[in-house]
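We give structure tokens for two forms of one protein chain below, kept apart as structure 1 and structure 2.
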Structure 1
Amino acid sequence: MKYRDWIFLLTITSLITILSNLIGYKTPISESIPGVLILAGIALAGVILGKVIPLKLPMILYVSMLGLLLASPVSPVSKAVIEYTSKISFMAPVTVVGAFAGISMGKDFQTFKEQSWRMLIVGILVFTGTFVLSAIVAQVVLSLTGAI
């Protein structure tokens, strides 16, 4: 996808996020605008970094790091970034993802039907193993380091 497509699709996504934030979380449109602009701006900057930097790293990594840097104590704009984006409910952008993901699922539906119950069992074990083992390691290390 070109930058042009990213800008266009980020605009669509941002508009839907504003809507989601309005209906689901009762945030007036005017209060959502600076927040979605910042989020979309960081997203775009991350995409650009991902294309410019010649490392084989997923661009979502740059997006996340940029957000972290901008909101960290070393950033001169951290206060504004944190305050404006706090108006965007955590789950509002996720609702938008859900809508697109659902539509996109249409193409994989047949594949899933053809996949046997075996993969379902394996999937459940994959999710369980990842979550439970991580929780055990975290619990042990947190206890050992006296963080909890």
Structure 2
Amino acid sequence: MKYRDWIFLLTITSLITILSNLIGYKTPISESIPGVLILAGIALAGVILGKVIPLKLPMILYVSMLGLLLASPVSPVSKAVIEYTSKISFMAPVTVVGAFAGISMGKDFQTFKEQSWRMLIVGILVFTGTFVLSAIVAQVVLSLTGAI
């Protein structure tokens, strides 16, 4: 994908995130804009790093590492990054990502149908197993730490 395409997608995602944050979490647009711009800037910088650095690593790794570095206590901008991005509800960007995932699945629906009903059972087992094991790990850790 070209940089122009990434900027277009990040702009659309940012606008939908601001709208989701306004409608779902009653955060004013003026308070959402700085946090969304920071998140979009981190994502775009991660995209650029992924194309510039000659290692074959997933782009999400660059975005995550950059976000962690900017928000870590060693960063001179961590306070501002945390302050502005904390006003963006976690679920607001997830709504956008979920919509994109749904559109993507719709594009591959014919392939999904060809996999037959067995794929549905595998999916249900994977989701159930992930949920149950996560709950068990959380129960054990919270019990060991005395939180429950």
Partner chain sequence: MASSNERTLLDRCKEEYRVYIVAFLIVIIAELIGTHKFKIGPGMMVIFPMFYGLIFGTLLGPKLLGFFKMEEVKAASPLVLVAITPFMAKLGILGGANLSKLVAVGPALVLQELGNLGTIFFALPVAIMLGLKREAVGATHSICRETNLGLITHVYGPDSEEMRGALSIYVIGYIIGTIYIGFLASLVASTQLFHPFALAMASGVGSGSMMAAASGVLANIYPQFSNDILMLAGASDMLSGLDGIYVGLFLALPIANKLYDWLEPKISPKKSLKVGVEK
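We call the rigid core the largest set of C-alpha positions that still match within 1.5 Å between the two forms. All residue numbers here refer to structure 1's sequence, counted from 1. Because the structure is a prediction, the values reported are computed rather than measured.
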| task | Structure 1 or 2, which would you say is the form predicted together with the partner chain? | result | 1
| Is_shifted residue 11 between structures 1 and 2 (CA, 2 Å cut-off, rigid core) | no
| request: Verify the C-alpha shift of residue 29 between structures 1 and 2: is it 2 Å or more after superposing the core? | output: no
| Fitting the rigid core first, would the Cα of residue 68 be found 2 Å or more away between structures 1 and 2? | no
| remark: Rigid core fixed, the Cα of residue 127 shifts between structures 1 and 2, in Å, by 4.3
